[in-house]
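Before any questions on binding or motion, here is one chain by itself as structure tokens, the form predicted on its own.
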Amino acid sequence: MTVSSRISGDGKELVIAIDDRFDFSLHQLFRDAYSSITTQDLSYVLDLSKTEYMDSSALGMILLLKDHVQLYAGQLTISKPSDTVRKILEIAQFQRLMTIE
């Protein structure tokens, strides 16, 4: 279980990637990936392309990220979720709250 984050070369995008399982055990690592970022108008991309499992605590963590993003007038996009993860996001109606691509 890994959380990685990187800011793009132009400094306009923060990509947070979750590998394997996205559950409560990643709470602190996930929060650390974005909590120190206070740049205005930054695009945040949550890359779930390698995430195979996600539970309800992960949904809550995504909502906390969304609150952080809105505080700094940014945009949040969930990128490349697997079919399983996409279904979880759709059941929770996250497509109404953020872009899922």
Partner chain sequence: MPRIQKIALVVDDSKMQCKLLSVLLKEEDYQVIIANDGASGVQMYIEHQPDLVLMDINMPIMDGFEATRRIKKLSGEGTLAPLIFITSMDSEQAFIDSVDAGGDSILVRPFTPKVFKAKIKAMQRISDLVDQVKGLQLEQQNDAELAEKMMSGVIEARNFALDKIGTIKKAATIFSGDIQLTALCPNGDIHVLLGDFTGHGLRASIGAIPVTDTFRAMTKKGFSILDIVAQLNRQMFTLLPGDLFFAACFACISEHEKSAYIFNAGLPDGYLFDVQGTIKQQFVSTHPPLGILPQLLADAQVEVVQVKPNDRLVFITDGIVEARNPAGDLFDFHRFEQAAIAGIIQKDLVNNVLSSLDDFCENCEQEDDISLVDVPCSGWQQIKVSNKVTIPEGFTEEDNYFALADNSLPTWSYHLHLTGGLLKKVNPIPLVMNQINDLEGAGEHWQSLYTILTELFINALDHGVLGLNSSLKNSAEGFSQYFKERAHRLDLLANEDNKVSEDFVGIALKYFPLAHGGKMVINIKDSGQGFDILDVFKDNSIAMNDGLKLSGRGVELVNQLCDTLDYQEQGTLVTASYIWHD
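Owing to the predicted nature of the structure, the values given are computational and were not obtained by experimental measurement. Positions refer to the first chain, counted from 1.
We do not show the form predicted in complex with its partner chain, though everything after this point is about it.
Residue 12 falls outside the set of residues with a heavy atom inside 4.5 Å of its partner chain in the predicted bound form.
Residue contact check for residue 53: one or more of its heavy atoms lie within 4.5 Å of its partner chain in the predicted bound form.
When its partner chain is considered in the predicted bound form, residue 97 lines it closely, a heavy atom lying within 4.5 Å. Its partner chain is not shown here, and in the predicted bound form it never comes within 4.5 Å of any heavy atom of residue 43.
For a residue to qualify, one of its non-hydrogen atoms must sit within 4.5 Å of its partner chain in the predicted bound form; all three of 27, 87 and 91 qualify.
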